[in-house]
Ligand code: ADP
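The chain below stands alone and is given in structure tokens; this is the form predicted alone.
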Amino acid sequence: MPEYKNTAGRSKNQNANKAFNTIRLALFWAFLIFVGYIVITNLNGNTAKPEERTLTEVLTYAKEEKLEKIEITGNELRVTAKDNTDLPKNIISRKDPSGTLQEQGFADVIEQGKVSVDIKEDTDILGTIMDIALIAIPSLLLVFFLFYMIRQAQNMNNQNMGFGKAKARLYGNEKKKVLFADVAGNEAAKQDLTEIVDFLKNPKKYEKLGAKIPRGVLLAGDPGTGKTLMARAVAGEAGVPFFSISGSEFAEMFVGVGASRVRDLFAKAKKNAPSIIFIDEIDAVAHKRDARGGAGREDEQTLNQILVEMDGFDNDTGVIVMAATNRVDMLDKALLRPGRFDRHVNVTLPERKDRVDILKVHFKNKPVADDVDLDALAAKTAGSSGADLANIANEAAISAARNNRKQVTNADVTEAFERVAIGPERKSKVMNDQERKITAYHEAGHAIVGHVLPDSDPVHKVTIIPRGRTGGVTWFLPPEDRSYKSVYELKDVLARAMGGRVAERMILGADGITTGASSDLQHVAELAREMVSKEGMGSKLRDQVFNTDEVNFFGDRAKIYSEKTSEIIDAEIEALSKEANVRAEAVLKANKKYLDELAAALLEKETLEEKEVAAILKGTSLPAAAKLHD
């Protein structure tokens, strides 16, 4: 989204910086030339430095025929002595600039030919320039140094003056605005925000009824659900100045800067009222104060200033504060109370209908083939956020371009979905026959257990082609979106996760198991612990929840239950894991024939779709040992 910018001021600054850089470069080269001249002069001087004599001494040498040649340049005499004398080879002297050499006693010597005289014009321009440079360059360097120090002081002063200024971007008069019509899904959230827009457009309508405009709106939801997009839509619909800033932009190394930036931001918003302030990722500066410690902390000063600005003595400001976060549990309670963030808007993960609308938005400007079924893709992407769906659409277009197609096909969409969900195919990884066999039986074990158990999601796809960090993948997709899961469903998830390890043990023996089941076992442990400690689904600790996310004064996570309770939780987790193992083993032993058939089909085709798996497993049965209920 475009933003207001002071282009005139920026142009002046750029021109000033350009001129300053030009001067600095010129002085730098002048300094190099000066240094070079000094070095060369010293080198020349070290090789042939003439000795100075008086003009009378030079005349005496000439009369004694000890001189070979005299060169006259202006009033300077450069004298060359003969080799058979004890005089220095090079001698320098000076005559009276008002007279000639003959007038100064050299007439007889010259006439008798005792020394040759060579008169040269004074054309040593380079020497003259260098003489001037010896005076000018040090002066210029001194001036430049003073100018540089003054400029640095000004920059530091400007920087210090700008520390307390808010770095918010101002939106409001853009040609291309984001509107609610551009945001697919989350109708309930859009309804709440539409009322905020109506407040800003028609305040008298509510004032007549004694209603007060909400002071703050908190957008909460998982990452990628469109919280920031919603805020941009509010800006586009309201048509009022919209100040956007990130929570981290209040932070600075200097104490008090965050609070100063808050004051500056609200001052700007009040001048442009009615207006909206949007703080993205507000949890960066609004942590719970009782969990952070230290009343003088910089982040606490920033939070205190936000609290004061949102609900201080001055209530009639015409400024609405919007904020976004995916960690509401971390926010300070004082920020969440009525009078500050009056309205909480939950931006949830899109449901199936919403996912279809979002996919249509992202595929709207892409050439799509007729075989692309967005409804089927929406059904497979349960639990995906809007950002995930946008990524799938983009990956599908990249796949089509990679394969030199002019349209996005269903194969591209499927590849994009699998790439985003699990990872790209590792076609370069070559497995030997034994590894392929182990992988085939491992994935077949997952598939059969999940297919047979009554409360498991149906098998969508099975492959032994390595993807991401996995050697193979068995996909289970729910037929419809569900908000809740029962104990039966979760126990079936545990059992099918154990199906891979049990299948390996049946084929390779108890001591032949591999590391291929490590991620499955980790998933079983994590899910079992969540069932016991967070969902109250244990047998001994039924309906009891034990939060393990409490943070102590020092910021460390600490248990808030006894060691005895911890031992019971561990025992409950172990019982769930053993139960899952027993159920998976019962299913696979009762359907050993189908395990072999499915593994053989995987070794032959490498990938089996839902219908192919269902056809192979058509005659499977559920043994009594694997049943949880009739």
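Quick caveat: nothing in here was measured; it's all calculated off a predicted structure. Heads up: residue numbers just count along the shown sequence, starting at 1. Here the rigid core means the biggest group of C-alpha atoms that line up within 1.5 Å when the two forms are laid on top of each other.
Same protein, other form: the form predicted together with the named molecule, not shown, and the subject of what follows.
- By the criterion of a heavy atom within 4.5 Å, His451 is excluded from the residues contacting the named molecule in the predicted bound form.
- Interface membership of Arg501, defined by any non-hydrogen atom within 4.5 Å of the named molecule in the predicted bound form, is ruled out.
- Among residues of the shown chain, Ser384 is not one whose heavy atoms approach the named molecule to within 4.5 Å in the predicted bound form.
- In the predicted bound form, the named molecule sits within 4.5 Å of a heavy atom of Ala390.
- The partner is absent here, but in the predicted bound form a heavy atom of Asp222, alone among Glu435, Asp222, Glu207, Glu526, sits within 4.5 Å of the named molecule.
- Of the candidates Thr73, Asn394, Asn403, Thr228, Thr228 is the one whose heavy atoms come within 4.5 Å of the named molecule in the predicted bound form; the others do not.
- Screening 236-244, 371-379, 265-273, 356-364 for residues having heavy atoms within 4.5 Å of the named molecule in the predicted bound form returns a single hit, 356-364.
- If you fit the rigid core between the shown form and the other one, you'll see the Cα of Phe278 move by 2 angstroms or more.
- If you fit the rigid core between the shown form and the other one, you'll see the Cα of Phe242 move by 2 angstroms or more.
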